[in-house]
Every structure is written in structure tokens, then in C-alpha cells.
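Take a look at this single chain in C-alpha cells; it is the form predicted alone.
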Amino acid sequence: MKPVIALVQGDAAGIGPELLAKLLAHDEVRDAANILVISDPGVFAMGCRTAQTDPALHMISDYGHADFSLGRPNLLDVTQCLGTSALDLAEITAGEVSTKAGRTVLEGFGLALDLAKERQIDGLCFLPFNKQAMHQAGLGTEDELQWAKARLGYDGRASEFNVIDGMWNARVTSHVPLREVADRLSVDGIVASIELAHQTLRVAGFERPRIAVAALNPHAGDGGAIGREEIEIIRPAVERAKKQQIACEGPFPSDTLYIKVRDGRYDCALSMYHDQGQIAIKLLGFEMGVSVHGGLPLPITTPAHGTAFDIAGLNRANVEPVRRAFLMAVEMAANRRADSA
């Protein structure tokens, strides 16, 4: 049986609606899963007009009316399902941050997470969100991952991963000020991040993931001359993880670490902070990147790029990253289902 994958509308002022329409025009995508589109129909129609495509969908106002028997994606009307007002597109300007667009995103994403909690969907792929709009609309957490954890009632460890052409990047800290990074590092925290990377890559199909752990300081601290985090925190964490039969090594200086991943010596790099990994991995292939929210009760993916306000509404958005994100959600959902069978 095909997994049920929810596709959540992106920010209405960005390229998400256009990408959603383009994605659903692919036969490969439509055949890969039972697709539940969660969107405001007006926003979806706007995306179809921009993309100059009109994929056939089964329109529903409640998940109980879902019918995948004809092979068509179902579009769940968020406004009818939740009893909220449709987004007034006259109040939305392409390329400009909108609190109302952010509120619509939270409604749709929240509905998808509620369906996940009820085990109605097996995976989730969302089109690009705009964090500023979401914060203005009342996000209340540092990012959508933490918001999703709260909505799901999940208190385990979760983290964002970035994937480009089979190269994975994991993080110990994420959306925090750079000045706080060193104080947030601990042996336990790094071990937990290594464990999460190992588990997430296993769900993604790696039998024995090889993980390279980054240093924090230049030259991996030069034996303590420019920082002792490698000696006192990072290396002990790596050694502890190895005792759990996890294939990990490090700490490696971050200026050479990603070359090792690019060349196939490792499957995943574990960075200590956000930009340490993001800059490297995006330079290796920004246009093809996928972000994975790993550790949650279901796989959640999204293209690694943002809302691209500079090209919103111009039919110039590249569908390939979201296609890859969607197919990764399908694969991870199928693997998770097979493991639990």
C-alpha cells in the first residue's frame, strides 16, 4: 500500500504555491504516494495560474472524505476544515512578508501535524515557509521544528538535517546566537546528536551510516592552543558513541570535513552550529538541497531553499528541490512502515 503523504502549502507571498502546482504536474510524484494536499484553495489556484498548470484534484473539506482510489491527489480545504476565513489574496503582495500569510501557514501546518498525531498520514512535505511571517503570526518558538514538536506532543530529541545528492549534514545546535554555541555544547548533547543522525540515516535507507564529527575551533583547537572544546567535550562524545557501535570519527577541522563527505568517505557530517554546516553543504549544491526534520514520529521534509521573494509570482521557481524533498518523504515513510511491520 502506498504511504499517505501530506503536502502543505507554503507561504502565499513566496514561491510555494507555484512549486506545489508544478510538483503535482509530475506523473512520478502522483504515482509515488497517496497525496493529501493541505491548502487554501484560493492560494492553490493562484499557484496554478502562476505555474500555468491545472492538476486534477479531488476536493474535500474533511479528511474523512478522502478518496485515493482514482489515483488523484486530494486537496483538503483548510478553511472549511477549520472553519477559518479564506486568505484574501488582494491583501497579499508577492515578495512581501505578510502576517496573514504566516497565519495561514500555521493553520495548514498545524492541521497536517494533527493528522499525523492521529496516524492518518505517514509523512509530510511542506513548501517553503517564511519564518518572519510565522513569528509575526504567533509561532512562539525558535523555528517550525520546535513548533512541530510541541504540536505533536513529542519530547524526544529532533533536529534539522540538510541533504544534497546523498550528502547529509546534521547539527548539534541550530537556530541559536553564535555567541551561545560553545556554552551549549556538552558530551551528552553531542552523543545524542550522533545517535539521532545514525537513526535518521537508517530510516533514510543507510544500513550503517558513517558520520564525521566537526570540531568547533579552527584547526580542531590545535591541541588546546585555540580552544579546549575538542579535548574536553567533542572527542569524548565521539568515543562514547563509538562504544555504542556507531560508525563515527572526529573531531575534524570544518574547513576539510566537507571535502571528506563530498568524496564519499562519510555519509553525514555533524556540525556544531548552524552556519558551520549550512555554508559548506549549500555551496556543494544549493539548488538540489532538501531539509529533513529528523527524530520526529514521522518524516518531515522540505526544500532547503526559502520563499525566494525576489522571484515570487514570476514562474521562475525550480521544482527539482521540492520534488526531491517529496520523494525523500515517501521513501522514509515506506522504510519506517517496513521497520514497524
Partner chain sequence: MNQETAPIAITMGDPCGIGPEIVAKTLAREAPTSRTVVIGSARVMENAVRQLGLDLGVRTVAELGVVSSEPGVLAVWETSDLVDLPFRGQVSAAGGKAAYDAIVEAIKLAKAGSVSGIVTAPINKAALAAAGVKYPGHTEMLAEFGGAERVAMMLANDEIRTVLVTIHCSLKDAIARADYPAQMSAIRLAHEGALALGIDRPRVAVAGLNPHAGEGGLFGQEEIEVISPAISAARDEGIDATGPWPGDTVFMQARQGRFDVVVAQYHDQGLIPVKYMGLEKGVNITLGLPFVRTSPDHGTAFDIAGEGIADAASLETALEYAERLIAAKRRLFKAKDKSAQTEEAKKWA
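Residue numbers count along the first chain shown, from 1. A quick note: this is a predicted structure, and the numbers were derived from the prediction, not measured. Rigid core (definition): largest C-alpha set, two forms, superposition within 1.5 Å.
This protein has a second form, the form predicted in complex with its partner chain, left out of what is shown; the following refers to that one.
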A86, L82, I226, I231 - the one with a heavy atom within 4.5 Å of its partner chain in the predicted bound form: I226
Sole residue of M59, I311, I279, A45 within 4.5 Å of its partner chain in the predicted bound form, by heavy atom: I279
Non-hydrogen atom within 4.5 angstroms of its partner chain in the predicted bound form for each of K2, A32 and L152: no
Region of this chain that lies against its partner chain in the predicted bound form, out of 239 to 247, 117 to 125, 93 to 101, 178 to 186 [heavy atom, 4.5 Å]: 178 to 186
Partner proximity in the predicted bound form: N162 to its partner chain, non-hydrogen atom cutoff 4.5 Å: no
Any non-hydrogen atom of R262 within 4.5 angstroms of its partner chain in the predicted bound form: yes
Partner proximity in the predicted bound form: W168 to its partner chain, non-hydrogen atom cutoff 4.5 Å: no
Contact of F109 with its partner chain in the predicted bound form (heavy atom, 4.5 Å): no
Contacts with its partner chain in the predicted bound form, stretch 48 to 63 (heavy atom within 4.5 Å): none
After fitting the core, I226 CA displacement of 2 Å or more between this form and the one not shown: yes
Core-aligned C-alpha movement of A215 between this form and the one not shown reaching 2 Å: yes
Exceeds or equals 2 Å, Cα of D275 between this form and the one not shown, core fit: yes
